[in-house]
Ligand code: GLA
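Below sits a lone chain in structure tokens, taken as the form predicted alone.
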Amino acid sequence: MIFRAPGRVNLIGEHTDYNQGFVLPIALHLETRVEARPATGGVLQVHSASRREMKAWAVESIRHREPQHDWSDYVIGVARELIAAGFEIPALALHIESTIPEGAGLSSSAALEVATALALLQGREFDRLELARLCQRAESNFVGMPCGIMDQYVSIFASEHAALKIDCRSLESESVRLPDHVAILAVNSMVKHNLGQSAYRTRVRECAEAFRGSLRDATLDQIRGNKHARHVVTENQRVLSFVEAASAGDLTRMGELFLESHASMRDDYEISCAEIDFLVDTAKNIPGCYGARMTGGGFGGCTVNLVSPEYVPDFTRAILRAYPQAQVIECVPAGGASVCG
């Protein structure tokens, strides 16, 4: 059987999920697929097509495995969480293929976690929200990245042709229909600065220390002088304003909110970088572009751009002239994880 899970691009709401705030991602047509076949000898065998690597572990040893600090930690982390939830891991041969570029901020890790979890479950029933939580725990507890739940959640619950507004406190969500006359383009900078993971962990800790309780409940007066906390408080409001603008078909306001969000990530949260700032500054001056912003954890990865559909070819040419190494990806909202056959 083949199990698929999509990547995602977050339209707006950056670094708000681990602060119990609001986010607005869409799932992508880019996805990870895990083909599962029965194996013998009590072994879980995993082959990564992109890395051309094979890993194998005795099933009975999985609960005792330690992180190896490579791609296989996502697989073992999920397997360990399933064991902790009372599921036996069958002997399987897993073949992993993915079209999601790694390190681009498009959630290749969550897609791998979700697709792996479905493959290891082998059709056994598991609550979808609990599955998102399980995959988040695998990344946080085993891989060591203290992520929020957005990536795993949207990979499971996404709907075609719509964004998903997620309340990361209640874990409730609603579909948000985007205007028909706009294209969403991700521009991959093809860079990922090493500062990213350590700075991410630092921001998580700083946010937890900035306010008694959650920054979801903080006001600007309460966190005055704390630039990093100010980003989270203002970004939550931008998500709500963006949903209102999208519902009204106000593309100009949607683009303004993109630019405000990027300025906040650059100046207040301090997670942008020169390459990303260049792509945003270039995009906002291209005819037909309503707005651009960084998406993802920061210090590289992708920008996300709102572009009038008839200007997509011109926008793409202009970006590639200015930044030839870029990869331009048209993003059409896709459905959540599923079994392919």
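Source: prediction; values computed, not measured. Sequential numbering from 1, following the sequence displayed.
Unshown form predicted together with the ligand; subsequent notes refer to it.
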The single option of L94, I89, A218, C147 touching the ligand in the predicted bound form, heavy atom within 4.5 Å: C147
Contact of G296 with the ligand in the predicted bound form (heavy atom, 4.5 Å): yes
Any non-hydrogen atom of Y200 within 4.5 angstroms of the ligand in the predicted bound form: yes
Residue contact check: G13 to the ligand in the predicted bound form, 4.5 Å heavy atom: yes
Answer range among 37 to 45, 282 to 290, 58 to 66, 296 to 304 for contact with the ligand, defined in the predicted bound form as heavy atoms within 4.5 Å: 296 to 304
